[in-house]
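Shown here is one chain on its own, the form predicted alone, set out as structure tokens.
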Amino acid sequence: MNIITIARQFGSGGRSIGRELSQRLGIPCYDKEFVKKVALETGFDEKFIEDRGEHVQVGAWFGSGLGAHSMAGSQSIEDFLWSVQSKIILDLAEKGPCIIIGRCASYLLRNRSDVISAFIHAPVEDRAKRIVKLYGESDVKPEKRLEEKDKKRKLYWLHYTGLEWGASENYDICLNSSKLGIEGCVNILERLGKGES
């Protein structure tokens, strides 16, 4: 397989898995780098892209251009970002082997035979410990942070694909990073990436 897409629950370690896999396979991983590409293409701030790149406003459900989050030409900012991100993902896939984190890449590349899509998940308690360790404490309880972030990803996925985020039938493989560990997930995806059984 030339391209690996990684969708993930917040705090499950999907980003870490992608980075380690990138080093082992010697192919680029697009996550933060992807944000930079979108920022260059759109002129938006990187922080804005990071916050809104996998997020859809409630107003978007009622038609483009409604509410405060619209642009000239009646296109919502979310739809504009979706179109730019989609184009970049399709372009990256054409350029060669890579790993793409999030942003419905598995859906956008679903018709390619050289793609393997993975969904990384883990129990809430393990993910809560992980985000506190990585990002520190905040005023919001870690479980609430997980719930809010995953809800945004779920709505984004449903809005742009019409499919259920995290449902196993929408991915080639689903991995529990708590049971397998980060390295275990990387080992499995590395073998698949090399075409090994």
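In this text, all values refer to a predicted model and were calculated from it rather than measured experimentally. Residues carry their position along the shown sequence, with the first being 1.
If you look for the form predicted in complex with another copy of the chain, you will not find it shown, but the lines that follow are about it.
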Query raised in the report: Out of 26 to 34, 41 to 49, 137 to 145, 163 to 171, where are the residues with a heavy atom within 4.5 Å of another copy of the chain in the predicted bound form?
Result: 163 to 171
Query raised in the report: Is there a heavy atom of residue 82 lying 4.5 Å or less from a heavy atom of another copy of the chain in the predicted bound form?
Result: no
Query raised in the report: Is residue 191 one of the residues lying within 4.5 Å of another copy of the chain in the predicted bound form, judged by heavy atom distances?
Result: yes
Query raised in the report: Is residue 187 one of the residues lying within 4.5 Å of another copy of the chain in the predicted bound form, judged by heavy atom distances?
Result: yes
**Report entry** 4.5 angstroms heavy atom contact with another copy of the chain in the predicted bound form for residue 87
**Finding:** no
Requested in this report: Select from 124 to 159 the residues with a non-hydrogen atom within 4.5 Å of another copy of the chain in the predicted bound form and write them out in sequence order.
Outcome: none
